[in-house]
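A single chain, nothing else alongside it, follows as structure tokens in the form predicted alone.
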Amino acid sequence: MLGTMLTQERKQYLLQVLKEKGKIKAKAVAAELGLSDDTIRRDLRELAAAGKLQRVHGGALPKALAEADLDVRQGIASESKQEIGKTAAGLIEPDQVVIIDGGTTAMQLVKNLPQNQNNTIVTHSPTIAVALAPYHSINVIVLGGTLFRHSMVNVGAATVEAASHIHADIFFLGVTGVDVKAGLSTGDLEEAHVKRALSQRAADTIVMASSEKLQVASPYVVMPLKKASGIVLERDTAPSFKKLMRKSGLDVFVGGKTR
């Protein structure tokens, strides 16, 4: 019987539920197994500590793969990130003030910018700033702070204060987790604070999210999904997820078009 499962068997069962359904609802699983909610929550805590999942209110979601170091992330969904970067770059109009987050997808955005288009680009990423150096028609503003080497971005109070003087048209946001209930999340608290501050300084926030970031969660919430204006997804993203994003109030961009 399910209720007589050993601890390790329960954990394997929970991971199987997560794989098949994409999420775990603690109360539902506890009722199914004839166990207390506390027993399932304890199992989820231990699985989270082992890096197997991310606990969220009421249960768990898959843990974001995109929390890996920058060198590792560069090899994850690289073709998808190129596609997303190209689509995002096409959303920028001449003379706009644009904030660009750090990260591998943001780098693909930069690589796809028009060579002769006039823009002001604000970034807290030294690597993004250096990549913009050849674009002589672009005015580059770098927000200072303490370098967070994991993502190669500046973070801290100095970064947030510097951002407070900016009024931008668009902020292109990179996150490690996108989920309707868990929101937009990332793996570092200070980085989450800075991303939130940058979003508050832009008229529109556009999320850039390759497939490994969808319906997963990281420990620190940047903001609720509804606070974003739109999301750029890869072409092969499931139609059901695109529909879910539109239902959440976001414009969905795929291949340079709103879908």
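Please read all numbers here as calculations on a predicted model, not as lab measurements. Don't overthink the numbering: it's just position in the shown sequence, from 1. Throughout, rigid core stands for the largest set of C-alpha atoms superposing within 1.5 Å between the two forms.
The following text describes the form predicted together with the DNA, which does not appear among the structures shown.
K.L.:
Give a yes or no for Lys227: in the predicted complex, does one of its heavy atoms lie within 4.5 Å of a heavy atom belonging to the DNA?
P.N.:
Close contact is absent here: in the predicted complex, Lys227 is far from the DNA, nothing within 4.5 Å, heavy atoms only.
K.L.:
Is Gln200 one of the residues lying within 4.5 Å of the DNA in the predicted complex, judged by heavy atom distances?
P.N.:
Close contact is absent here: in the predicted complex, Gln200 is far from the DNA, nothing within 4.5 Å, heavy atoms only.
K.L.:
With the partner left out of view, is Gly59 within 4.5 angstroms of the DNA in the predicted complex by any non-hydrogen atom?
P.N.:
Heavy-atom contact with the DNA at 4.5 Å: present for Gly59.
K.L.:
With the partner left out here, check for me: in the predicted complex, does some heavy atom of Arg55 sit within 4.5 Å of the DNA?
P.N.:
Judged by the heavy-atom cut-off of 4.5 Å, Arg55 is in contact with the DNA in the predicted complex.
K.L.:
Every residue in Thr7, Gly34 and Arg45 with a non-hydrogen atom within 4.5 Å of the DNA in the predicted complex?
P.N.:
Every residue of the candidate spot has a heavy atom within 4.5 Å of the DNA in the predicted complex.
K.L.:
Which of these stretches, 186 to 194, 213 to 221, 23 to 31, 229 to 237, has heavy atoms within 4.5 Å of the DNA in the predicted complex?
P.N.:
Comparing against the DNA in the predicted complex, the contact stretch is 23 to 31.
K.L.:
On a rigid core superposition, would Arg246 pass a 2 Å threshold for CA movement between this form and the one not shown?
P.N.:
Superposed on the core, Arg246 moves its C-alpha less than 2 Å between this form and the one not shown.
K.L.:
So with the core overlaid, does the Cα of Ala26 end up 2 Å or more away between this form and the one not shown?
P.N.:
Yes, the C-alpha moves 2 Å or more.
K.L.:
With the core lined up, does the C-alpha of Leu44 move 2 Å or more between this form and the one not shown?
P.N.:
Yes; Leu44 is a residue whose C-alpha shifts (by 2 Å or more) between this form and the one not shown when the cores are overlaid.
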